[in-house]
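Before any questions on how it binds or moves, here is one chain, the form predicted on its own, in structure tokens.
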């Protein structure tokens, strides 16, 4: 996977920007709030259809413009492709893939990226929702069918939760849950099966990375924890199990107005040498584990799609010590992964001085060639 070109019009602080990318490292140097992250955000948006900052599409448009656009040229398995996004303040955005207008569900998996940003260092000690999002995003990029099932599940979950609130308020009867429970259970079983399969692969890949980074001193373990099945003993038929759990929790769920069991309540447990990192790991161990998990994302997507995704590193060089930075750069160079990196200082690359990089200042980008 390679991103070849990017054109931005009235996007964030760029009135107009055109970039051509190198097949290996593309490093953007500049002070904070100059527009470095906006470039990575646009590339990420082209893959995921949303900003990793959680902003609405309207906030992506330059403040004094009515609309903006992203145009991204990329190669997948050596075949050239084009993605175009148009934004208007008064209309819904449009997505065009190789000349054809498409919905979001057909975008996911077309162009793949892995993002590593400072907030990802909270992946282990943060809330379970962050770990579920990490897992869902990578599976979705490798399996569009999983993404479609996730949409189905979330729609069913929203409808069931609305019904629970209506029952609590006396506007509907509890018996109506028997219509939604089997549908939700069937979808939940499919999502859980794919997550279990993915975590098994992530576990192997992340441990390999952890051992390499720690000098074979640490073993990293990832395990999938199903809400209501914390003893780790999987049911023979997950669809039947979900049906039974949903039926058994009816009274509690009506009282709370939410569905209390399902993939939306599950978690990933991260351990090093048998120690739960969220509860007992040091900051150094947590950061090494996050780096290992991010590198395993790259390997997971390659194993599923046949090629590495584009790697986006947003200001993480300052968050990693010199040893972890070098491990990361060595891996990228060894595997030939196209990478876009933002940083505030050339000093983060002093072990391999930069010959060429992009200088970013006040929404202007220029190529710097050092002699």
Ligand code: ATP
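From a predicted model like this one, the values you see are computed outputs, not experimental measurements. Numbering follows the first chain given and starts at 1.
Below: the form predicted together with the named molecule, not depicted.
The partner is absent here; in the model of the complex, the one residue of 305, 37, 69, 51 having a heavy atom within 4.5 Å of the named molecule is 37. Using a 4.5 angstroms heavy atom cutoff to the named molecule in the model of the complex, none of 322, 350 and 354 count as contacting.
Remark: residue 317 does not count among the residues lining the named molecule in the model of the complex, judged by a heavy atom distance of 4.5 Å or less. The shortest heavy atom separation between residue 59 and the named molecule in the model of the complex is within 4.5 Å. Residue contact with the named molecule in the model of the complex: residue 359 places no heavy atom within 4.5 Å of it. The shortest heavy atom separation between residue 344 and the named molecule in the model of the complex is within 4.5 Å. Here the chain stands alone, but in the model of the complex its contact with the named molecule, taken as any heavy atom within 4.5 Å, falls in 24-32 among 24-32, 42-50, 325-333, 305-313. Residues of 144-160 include none with a non-hydrogen atom no more than 4.5 angstroms from the named molecule in the model of the complex.
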